[in-house]
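Encoded as structure tokens, the following chain is the form predicted on its own, with no partner shown.
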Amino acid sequence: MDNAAVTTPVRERDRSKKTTLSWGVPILISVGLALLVLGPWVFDGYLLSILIRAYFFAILAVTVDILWGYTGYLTFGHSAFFGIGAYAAGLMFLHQGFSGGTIASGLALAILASALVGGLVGWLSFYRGASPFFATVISLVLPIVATQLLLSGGTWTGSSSGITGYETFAFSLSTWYWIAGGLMATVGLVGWRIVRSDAGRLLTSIRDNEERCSYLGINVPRVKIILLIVTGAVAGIAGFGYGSFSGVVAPELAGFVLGTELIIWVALGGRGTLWGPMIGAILISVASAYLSSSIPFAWQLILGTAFVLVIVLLPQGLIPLLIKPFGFGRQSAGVPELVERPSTGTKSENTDAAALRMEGVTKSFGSLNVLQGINLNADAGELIGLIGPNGAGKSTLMRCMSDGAARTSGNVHLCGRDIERRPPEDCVGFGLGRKFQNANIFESLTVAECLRMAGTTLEKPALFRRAPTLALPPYALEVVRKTGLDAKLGTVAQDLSHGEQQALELAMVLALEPRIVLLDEPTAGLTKTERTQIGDVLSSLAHKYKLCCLLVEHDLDFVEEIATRTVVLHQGEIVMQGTFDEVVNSDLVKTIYSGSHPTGQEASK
């Protein structure tokens, strides 16, 4: 079937979505902007005061949603950044007086202090080896520590009473309403552009699959730390605005309760939608102001009950359900045009060195020796089949090739570079690409978005737009076209068949332009046709494009068809290597596969 005919329905669906956007989103945006402009003439003074505070909280909710909804980092600590900003205003105006200089100094202090604390918290939370649970615990501790520091400040911070009575801006409620609303609209629109851009897809990639991001050369901890610094600074600005408007700051603004309320607002509004948490924060703040005084205890119960019900029954939140008819939500940006990317050259400094060299590599788990003194060399253009019974250590050997921290001892060189104890993203930078046994992709992204994320280290994703073309190296294009993925660029990855997901992962790995490709059982679960396609592609990688391919495979017929050399691993040792015929016809290999366990002397013969 012609590819144009296949992609026509996809393009028609994209056009229909854009048609919905053409009337729904502008209407809601127009209504929102009209309220921001006309609010002082529509609302009374009490409601204006509530809305001004709510707008600053809405900015804070946006920062939490970017971290939790889009990046997958559940944080309870962003109230601390808000409190830092608020106290920067209160402390500066109280102790230094109110002037143009103190305004600039206070705002700079709010931004810099929040950014520095964000960097410190990010470093503690996302250092190599830290778990997501540990990062969340750090975010829980942050507002508690911030509150205690403010309580211990004595008269300087006002202790539990906070700071009041300082001189601040003599703006009218109308002016403050426009300032707060304009700042909220700016943050919302900038955030919306970012999360819908190619760079925004990177955040979603991290949420979906951090491991795959690392094996695409993306430094995930660095991205998270930068994101925490930026969102912390934005939260600090919102806090500065709040403190400047209210004329009162208290430790509760940096506290754990507000941090927890932010999570509730984001969840109720709609995590991962940006607009949902913003609207949710405003509506809940207004409702709380009116109801907390009349039914203070019942209001907290109502809010808590609503939170539980939404989490259980509507995990996407309330706001997306209400505004979905207007066209809000994740919209397709269309199918990009596939183009061939000229090679960026080798990633290794030494192109004459062996692609892979392992010397005395061992791996132990306590007293259990999984790998014992592995010595293995591989050159460009080789397609090595790594075989052996289950438990021989094949997958562990793959990990030791691709992660410097995985081995217990020994040396591994990729394209002439010693990987030392470097993480996977650095090994990728040395020229490595790894395909896992189970398709390791980004399930919530489209095929085109997955492929674009795979090339992040070679072509930085745009911050405010999506590129109209998708550039891939020739061998990645070959995989995409041979397997029919070029007709499914707009399809969400989780909707692909098993074979298509395997092909997509291989194409993602090849988009890195690696010199060494590690493949862990690439034919598992494939049909005969898909198996033939993958075999042709792998042969082409080695013979036509001169990549070094190492293949872990139980299908010996497949290994026979494509491998240029076969290596046998048994009980953590390489017991034999040579041509396929030499290996399968040896008495040693027959003994191994029959279930016997040869001694070390027998294996060395």
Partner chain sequence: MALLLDWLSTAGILFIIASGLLMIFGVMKIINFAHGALLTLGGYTAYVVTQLDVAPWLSWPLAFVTGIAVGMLIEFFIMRPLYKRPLDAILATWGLSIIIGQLIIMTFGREVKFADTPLPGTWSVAGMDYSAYRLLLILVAVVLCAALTALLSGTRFGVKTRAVIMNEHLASALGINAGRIRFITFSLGAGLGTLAGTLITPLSSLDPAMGIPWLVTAFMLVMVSGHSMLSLMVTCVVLGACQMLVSTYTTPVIGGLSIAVLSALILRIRPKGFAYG
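Numbering follows the first chain given and starts at 1. Predicted model only: the values in this text are computed from it and were never measured.
Below, we refer to the form predicted in complex with the partner chain, which is not included among the displayed structures.
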query: Every residue of 45, 242 and 245 near the partner chain in the predicted complex, heavy atom within 4.5 Å; finding: no
query: In the predicted complex, residue 265 touching the partner chain (heavy atom, 4.5 Å); finding: no
query: Residue 133: touches the partner chain in the predicted complex, heavy atom cutoff 4.5 angstroms; finding: yes
query: Proximity of residue 307 to the partner chain in the predicted complex, heavy atoms at 4.5 Å; finding: yes
query: Proximity of residue 475 to the partner chain in the predicted complex, heavy atoms at 4.5 Å; finding: no
query: In the predicted complex, segment of 166 to 174, 96 to 104, 141 to 149, 183 to 191 with a heavy atom within 4.5 Å of the partner chain; finding: 141 to 149
query: Residue among 290, 123, 464, 156 with a heavy atom within 4.5 Å of the partner chain in the predicted complex; finding: 123
query: Listed residue (321, 458, 311, 230) with a non-hydrogen atom within 4.5 angstroms of the partner chain in the predicted complex; finding: 311
query: Members of 36 to 73 lying within 4.5 angstroms of the partner chain, judged by heavy atom, in the predicted complex; finding: 68, 72
